[in-house]
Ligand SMILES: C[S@@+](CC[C@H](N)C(=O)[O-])C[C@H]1O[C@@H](n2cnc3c(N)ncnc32)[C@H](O)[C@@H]1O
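Single chain ahead, written as structure tokens, the form predicted on its own.
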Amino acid sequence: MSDDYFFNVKRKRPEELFESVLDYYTNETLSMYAKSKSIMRTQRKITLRALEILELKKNHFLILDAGCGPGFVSIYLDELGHKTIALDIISGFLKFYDIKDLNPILADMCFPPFQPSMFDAIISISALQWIYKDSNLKKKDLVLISLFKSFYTILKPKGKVVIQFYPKNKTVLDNIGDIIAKNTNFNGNFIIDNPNSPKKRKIYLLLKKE
């Protein structure tokens, strides 16, 4: 990404208006999200793009869907032939659809309860902005460090992570990159689709464990 590339989302988004994702996704909001066919279609498109970025050579990989929500991504990965484990911190999401075959785990993705070198890949769609939404909240740096160190630990050698998320501005993006570079052994980069179109822009983070 060029150093002169700049963006800043001015409108307030749910992750800025609510202290925690647990405060936002309750009752009606959770149900509306989980039933949304539009969100399901969007997440499937993003999942296909994430798989392109991962460049997996075959099916039957073990993939962690971190911050799975109601399971849109996990269900789609399963349909494509990948063995998937779904993880989310919101219990209501894990009960919305029948995803028992996807081994749903109720846990915080920043502290995943898995053994080292377990997963071939990790995919996280539309979740990271809830974890790191403001570069001025230094306590969030420690949480983010835990997230990336945990991901590194539970990945197999040569494993990869693709995270799609909605950072508010380039400062947040740069800070995430700095945190990864200073605290982990990941190699990686940001990939921005449609960078000059705020409505179509999608930001991905690709990380590789050597």
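For clarity, every value in this text was computed on a predicted model and none was experimentally measured. Note that residue numbering follows the sequence shown and begins at 1.
Keep in mind the form predicted together with the named molecule is missing from the figure; the text below concerns it.
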4.5 Å heavy atom contact, Phe119 to the named molecule in the predicted bound form = no
Practice problem: Although the named molecule is absent from this view, report whether Gly69 comes within 4.5 Å of it in the predicted bound form, heavy atoms only. | Solution: yes
**Message:** Can you tell me if Gln43 lies within 4.5 angstroms of the named molecule in the predicted bound form, counting non-hydrogen atoms only?
**Reply:** yes
message: Residue-level question: is Val21 within 4.5 Å of the named molecule in the predicted bound form, judged on heavy atoms?
response: yes
Are Tyr25, Val73 and Ala127 jointly within 4.5 Å of the named molecule in the predicted bound form, each by at least one heavy atom? yes
Here the chain appears without its partner; judged in the predicted bound form, the stretch of 25-33, 154-162, 48-56, 168-176 with heavy atoms within 4.5 Å of the named molecule is 25-33
Looking in the predicted bound form, the residues of 74-93 with a heavy atom no more than 4.5 Å from the named molecule, listed in order, are Leu87, Asp88, Ile89, Ile90, Phe93
